[in-house]
Structure formats: C-alpha cells, structure tokens
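The chain that follows stands alone, in the form predicted alone, written as structure tokens.
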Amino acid sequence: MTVQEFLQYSILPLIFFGITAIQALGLQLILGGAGLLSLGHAAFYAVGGYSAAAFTVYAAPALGLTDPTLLMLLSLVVGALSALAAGFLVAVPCLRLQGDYLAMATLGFAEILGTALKNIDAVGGTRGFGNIPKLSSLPWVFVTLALVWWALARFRRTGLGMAIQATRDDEIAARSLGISTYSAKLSAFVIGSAIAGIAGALYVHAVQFISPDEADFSRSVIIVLAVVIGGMTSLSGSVLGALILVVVPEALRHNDTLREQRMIYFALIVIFVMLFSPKGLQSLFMRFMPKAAQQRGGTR
C-alpha cells in the first residue's frame, strides 16, 4: 500500500474516531462528571443523526437553503437541540432513579427509539435513511471535536460545572451546601445528550446513511467503554479511549492471522487495561509522568 492509498484509507477511520470521541466526551459529562450510568447514550446520537438528516433532506430544500457550510452548521444545531430535547424528556422522570435502575431506564428508551425508527417510513424504516447529502468531512469532525473539548474544559470551571462534580463526589454534602443536585444531574444529562446529537449530525453527513441499529445497546456499550478505558474523570482520557476503540480493531483487521478473532483479542486488551489500571489509561499515564519528570530533572 502506497502512502497516498494509506492516507485515503485512513480518512474514514479518523472520521469514526472523531465522532466516537465526541460521543465519549458527552457521556463523560454524564458518567464521569455527574456519576450517572447511562446505557442509552447511543439513542441520543441516533436522535441527533436522524433529525439532522431529516432537516437537510426535507426541510432545507423547502426553505431554499443550498449553501453547504450553512446547511452543515444548521444541521449541527438541529441535531444538538433535538437530542437535548430527547435527553430532557428522558431525564425528568428517570433521574429520580439511582444506579442500575437509571441504567435500565435509559436502556429501555434506546430500545423503544430503535423500534420506533424501524416503523417510520419517512426516514427509511428498517432499510435505514439514505440519500443524505455529504456535508461533513474530516476537518469538520476534528474542528467540532476541538470545540467540544474546549467548551467542556471551560464548563468544568463554572459554578454549574463544579456543582455537577460536587454532586458526583458526595451528593449529601452537596445538598448541605445548598446545591440542587437534581438540577445539576439534569444539566449534565441534557448537555451530554446534546453533544451526542452533534456527533450524530456529523456522522449522517459523512457516511450519508443512518439506520436504527445506531441506537442499539452495542453502540452504547462502545461509548461507555471509551469513557471507562480512558478514564471517567478525564476529558483527554475519553478521547484516548475512543482512539483505542477505533485503532485497535482496525489494526487487528489487517493482520491475516488475527483477523477472524480480532474482537476476542480486543476484548482481552480491554480486560488487561481494566485489571492493571482500573481508573483508566489516563491514571496510568499520570502515575508514570511524575517519575519521568524527576528523571529528566535529575539528568539536567
């Protein structure tokens, strides 16, 4: 394979990495930020993707919108707002639940959404939604990823961001300080859902297709794995986890010996990481970074 062929081949995996990283950042706010276990995060990704696709296929021509940049920006807004609304509708009743019960409730929503999408002919039903204009690209994905990362890093330093972290650390202590823990959880859930919707809008306009399978349980598990492997309390850890989830299976796929059993080997790698670094790869790097700094300091 020549360098040019390799670069052309790498574009799609890099797009998938960027989209998965954006999803992981959204879930990191929910899982690592507020301590809420959601097993239906892919549902909000699908809501954003389907809504953005419906906008560009049906609404944009009726409104006379043709500029690709404007259409992509508007589809990102539509994807974010639709996923935010879906997240709000799910969060209002479900955040009264705790732990495993909340996880089961979000999983139930994802299953309901997937079944509903299969029965809506306007968006393709079981065939999936195709003929979506190609508006997204690698630069769009990576610029959006950088903006989402920057916005979340700034958000964590705000009063609401610190209230969300305080709720995660000790809900009783947060209440004693006058923090509305329900509002903090609700804010984290809807913002994280909106970020998933942005990822969905980027996906449909890059691949030009989306199916109800994007809302299923396996997709949510992949996003949870990205956050857990990288480190639940770290933004960079979530991006690192997404990178591993995309790169490792792709690398194993090109090995003739490992191709057929690549998911088994990938699962073993995940187990290995969890055994030796339960807090994620970010904590493993932080564990060795001070030692490396001391060694560099001693050699100077």
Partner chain sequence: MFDLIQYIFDGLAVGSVYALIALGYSMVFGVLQLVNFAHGELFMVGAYFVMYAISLGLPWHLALVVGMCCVGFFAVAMERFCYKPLRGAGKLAPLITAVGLSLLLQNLVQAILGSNPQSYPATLPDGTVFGFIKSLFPPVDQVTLPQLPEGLFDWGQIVVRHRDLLIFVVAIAVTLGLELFLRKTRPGQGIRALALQPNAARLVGVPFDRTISLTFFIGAALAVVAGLLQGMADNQVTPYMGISSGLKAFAAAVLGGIGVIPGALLGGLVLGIAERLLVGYDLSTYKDGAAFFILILVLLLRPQGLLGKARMVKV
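Positions refer to the first chain, counted from 1. Remember, predicted model here, so these are calculated numbers, not experimental data.
Below: the form predicted in complex with its partner chain, not depicted.
The stretch that touches its partner chain in the predicted bound form, counting heavy atoms within 4.5 Å, is 93-101, out of 197-205, 93-101, 76-84, 136-144. Candidate site formed by A59, L63 and A122: none of these residues places a non-hydrogen atom within 4.5 angstroms of its partner chain in the predicted bound form.
The listed set A54, L252, L39, I244 contains one residue whose heavy atoms approach its partner chain in the predicted bound form to within 4.5 Å, identified as L39. At the 4.5 Å threshold, heavy atoms of F88 stay clear of its partner chain in the predicted bound form, well away from it. Taking non-hydrogen atoms only, I210 never approaches its partner chain to within 4.5 angstroms in the predicted bound form.
When its partner chain is considered in the predicted bound form, M232 lines it closely, a heavy atom lying within 4.5 Å. In the predicted bound form, F109 approaches its partner chain with a heavy atom inside 4.5 Å.
Counting a residue when any of its non-hydrogen atoms is within 4.5 Å of its partner chain in the predicted bound form, the hits in 220-252 run V221, L225, V228, M232.
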